[in-house]
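The chain that follows stands alone, in the form predicted alone, written as structure tokens.
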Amino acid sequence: MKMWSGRFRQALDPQFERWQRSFDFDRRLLSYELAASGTHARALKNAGVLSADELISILEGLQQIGEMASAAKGFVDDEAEDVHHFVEKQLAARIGEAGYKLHSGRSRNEQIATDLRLYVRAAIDELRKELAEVCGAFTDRADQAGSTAIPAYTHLQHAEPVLVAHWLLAYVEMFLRDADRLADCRKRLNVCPLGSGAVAGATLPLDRSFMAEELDFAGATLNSIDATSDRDFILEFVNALSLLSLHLSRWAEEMIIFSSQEFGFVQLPEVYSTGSSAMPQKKNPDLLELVRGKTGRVIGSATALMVTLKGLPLAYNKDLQETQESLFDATDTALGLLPLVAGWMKAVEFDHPRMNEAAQSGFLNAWAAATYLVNRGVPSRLAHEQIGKAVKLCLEKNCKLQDLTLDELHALNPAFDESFHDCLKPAAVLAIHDVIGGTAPARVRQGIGVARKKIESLREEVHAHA
């Protein structure tokens, strides 16, 4: 029996009936539907709609449905229109007419709004747990890198040397922001739509605060129209996943570049790579390329959500059914990526000697040379110009800054003395960036400690929601 068929004189067109069903994808919400239904049943009992025996029967039936679904895993139903219809059918089959009482005073509009909030909340907790592991893997590799340096790039051109640890901690900062964004999203979505009815509010005196507390929501939604039609939390969540996947894509792109023979900073882990069916020598960065590729998929889900929602009048419209698959796909994609990225980071090998060599090549110490002059009272703009002329002289002579003689340097500025060559040494170049967030070794050691504290705090927050 349909949940709405009483006023209809004709059966649905069979093709349309199959086409409009959502059970094939919203059945993944079953555990949340069962939890919310149990809470609604208790509220009905408190309101005097259900007897104590009916409540016990309903709760036992809901438990049986959950156990059946867990055992069957791939459970199917060729008649259920959606997960709500499935539960009602299964409950009535188990306990009889009392099963139909469960729908008293509620609407599928509030049910799906509640189920989706519960789903996204759980997904955020799982994602933040995985992000803590990713951040931990990056921080461990930063710690292991020690004093190894690598060129930093701007415009993909050599800029300045930085510690490898400093470079890796940049990604930790990105991922911690992603975790914070998800936590912020969680706060806003953590209100309970149960009791909102179809659009105007429940028709029975249900204790909405009780239902919110039962499901660990911070409170009840304050407007029934908004509660049944709001999907902002889904859009915000998937947009946060878009940023997360964008960060992963940037990381993947750098690792792909750095693993090429032209750079050679990274040795691809074989357990996350494949070969060529034609060229025997190849080792391809498949995990990295798929991380980069799946970013488009997540961003596509966010775009699909915005386009679906942009023209909908209040309140519930069937269009909202279309938001679910984009949500599920983006969530599955992100949750699939993070453990693999953590594993890749644990397995990858960095060529520290090659990184150090590259960090001392070219004129990566040019700003340090200009700073040397600034520290001797030369105006910054003039120091910049004079070191630029020194670089030009080196290019003409095919040498490095440290190869210039004191006479050649004096011709540019008499402020140079014998100490200039010491300021160009790798350790000295790194050390001058001695500010909060800089690449000076002492600051980077502090950064590793701060990152570890933030990761531990993130883990504690996730554990508190478990």
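Computed from a predicted model, the values in this text were never measured in an experiment. A residue's number is simply how far along the shown sequence it sits, counting from 1.
Below, we refer to the form predicted together with a small molecule, which is not included among the displayed structures.
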Listed residue that, although the small molecule is not shown, lies within 4.5 Å of it in the predicted complex (heavy atoms), from I112, C135, V291, L194 = I112
Taking the small molecule in the predicted complex as the reference, which of F217, F258, W167, Y316 has a non-hydrogen atom within 4.5 Å?
-> Y316
Among 387-395, 262-270, 79-87, 157-165, mark the stretch whose residues have heavy atoms within 4.5 Å of the small molecule in the predicted complex.
-> 79-87
Quick one: does N190 come within 4.5 Å of the small molecule in the predicted complex, counting heavy atoms only?
-> no
Within a 4.5 Å heavy atom cut-off, is D26 in contact with the small molecule in the predicted complex?
-> yes
Find out whether any non-hydrogen atom of S209 is located within 4.5 angstroms of the small molecule in the predicted complex, and reply yes or no.
-> no
Looking at the partner-bound form in the predicted complex, is S224 within 4.5 Å of the small molecule by any heavy atom?
-> no
